[in-house]
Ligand code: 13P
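Form predicted alone, single chain, as structure tokens, below.
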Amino acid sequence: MTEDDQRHLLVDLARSLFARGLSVGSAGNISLRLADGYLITPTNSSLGRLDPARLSRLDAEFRHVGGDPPSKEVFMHRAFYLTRPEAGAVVHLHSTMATAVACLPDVDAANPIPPLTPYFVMRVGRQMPVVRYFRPGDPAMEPAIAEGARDARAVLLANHGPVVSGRTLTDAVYAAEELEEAAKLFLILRRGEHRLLTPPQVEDLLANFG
């Protein structure tokens, strides 16, 4: 896939997320890894109205080298790329259900959403920690995200929203969408009885689907 193809794919997937209410206003940002750098959505841009030619271009050291000025949360994406070499894309949203879980004081901070469905395990993984609260744009968030990313493909930022990585941009978007649905199920079921996948079932999913 050429860089031009990747630019258009990012814009198309971002528009889809926006159209379905997974991002509102100028909230959220998306990036992908190139052979010699990165593309990331510009600062204060709407995921529903991106221009492929104006996406921010970063070099391999995350310096801005083209396009509009990048999101102020570049460090959030860098934390995943430097910690998880297989990560080809990162999606940060303020999606309602996942953010709601990130606001709950009584969830397990190491793994706030239990394994309710196989698709959550397959796309998001075994665990997804909550990173303690930082104000948006605070670069002190980067080492905290990197710590969470060592053992997880996604994290929840307390009172802020999810950050999800994937091998490809499509993988990362699908995982962010699956996370939102899992959060919705969790919120529906948390006050009543429910059945979780067993540890052997989780291990079987990870062995077969990574």
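Just so it is clear, the structure is predicted and the values come from calculations on it, not from any experiment. Throughout, we count residues from 1 along the sequence that is shown.
Here the subject shifts to the form predicted together with the ligand, a form of this protein not shown in this document.
Of the stretches 82-90, 68-76, 109-117, 96-104, only 68-76 has residues with a heavy atom within 4.5 Å of the ligand in the predicted bound form.
Taking a 4.5 Å heavy atom cutoff to the ligand in the predicted bound form, the contact residue among Leu185, Ala27, Leu34, Ala144 is Ala27. None of the heavy atoms of Pro139 is located within 4.5 Å of the ligand in the predicted bound form.
Among heavy atoms of Asn159, none comes within 4.5 Å of the ligand in the predicted bound form. For Thr168, no non-hydrogen atom is located within 4.5 Å of the ligand in the predicted bound form, even though that partner is not displayed.
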